[in-house]
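There is one chain below, alone, in structure tokens, taken in the form predicted alone.
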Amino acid sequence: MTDADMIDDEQLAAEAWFRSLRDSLCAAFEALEDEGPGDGPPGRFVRTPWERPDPSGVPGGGGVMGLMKGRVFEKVGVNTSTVFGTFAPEFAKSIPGAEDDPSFFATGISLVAHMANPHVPAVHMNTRFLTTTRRWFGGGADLNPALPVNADTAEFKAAYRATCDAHGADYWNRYSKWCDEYFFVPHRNRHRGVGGIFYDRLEGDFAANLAFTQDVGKTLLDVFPELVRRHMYDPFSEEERIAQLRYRGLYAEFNLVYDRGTTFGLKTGGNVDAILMSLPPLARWD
């Protein structure tokens, strides 16, 4: 996927981690499909590779879109990508370190799970490593229940607080606050989801920042499957299903209007289907 002349040891290490995390997440989610309710066959991920041509005409990397539809996960995507080349001039002005040199390298993983049972919260996680004349990690994880349960929210946040506290004394206060600010939907005057963490432009000590980013992914692997198991057999009413679909409308609005990852993918010529895999399979706006 990558050009050996364009990638260094740090970039290779970040890319390798995101692929490894992808495989672990897919295996964990397929195991939940095996355990879950329903008479139909358990879902399995379908992986679709894609390539990105750089605007200059040379290869620009690509990625793999992983998508599963099943009896527990109505739709879940786990995508990885590694792209490189040059930013368009106007977009380069908005990226740190690309103002004078538009060359870039970016590798990352993106996960969005929309659940069949409205009592099981949707979840989002994204982590990435971006290189211009500077280099940094960013990402986070946030819980998105249509029908919030205080105990679930507390458990999710406690897990990420422990992760943050293990890496920086101020990480939890800073990144949980940033999550609340980032996932606020101004035109609805409400938040998308119940919180988590969001961080960006984490630069400096590569090894330490990679270790934190790895733990962000590992924490999702630890906490989210247990929330799924807790609720995937819960009975639900038609009114609760409608509430879930209406919440998904809010989720879609945020991703299309405000989400940085969506903008970055579209501005850098990424695969449109992979970029928009975050959108729910069904939603309502009534």
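Don't overthink the numbering: it's just position in the shown sequence, from 1. Just so it is clear, the model here is predicted, and its values are computed rather than measured.
The form predicted together with another copy of the chain exists for this protein as well; it is not shown, and the discussion that follows is about that form.
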Which of 175-183, 123-131, 68-76, 205-213 lies within 4.5 Å of another copy of the chain in the model of the complex, heavy atoms considered? The stretch 68-76
Tell me, yes or no, whether His187 is in contact with another copy of the chain in the model of the complex, where a contact means a heavy atom of each within 4.5 Å. yes
is_contact(Leu266, another copy of the chain) in the model of the complex, heavy atom dist at most 4.5 Å: yes
Does Val272 reach another copy of the chain in the model of the complex, with heavy atoms at most 4.5 Å apart? yes
Hey, in the model of the complex, does Ala27 get a heavy atom within 4.5 angstroms of another copy of the chain? no
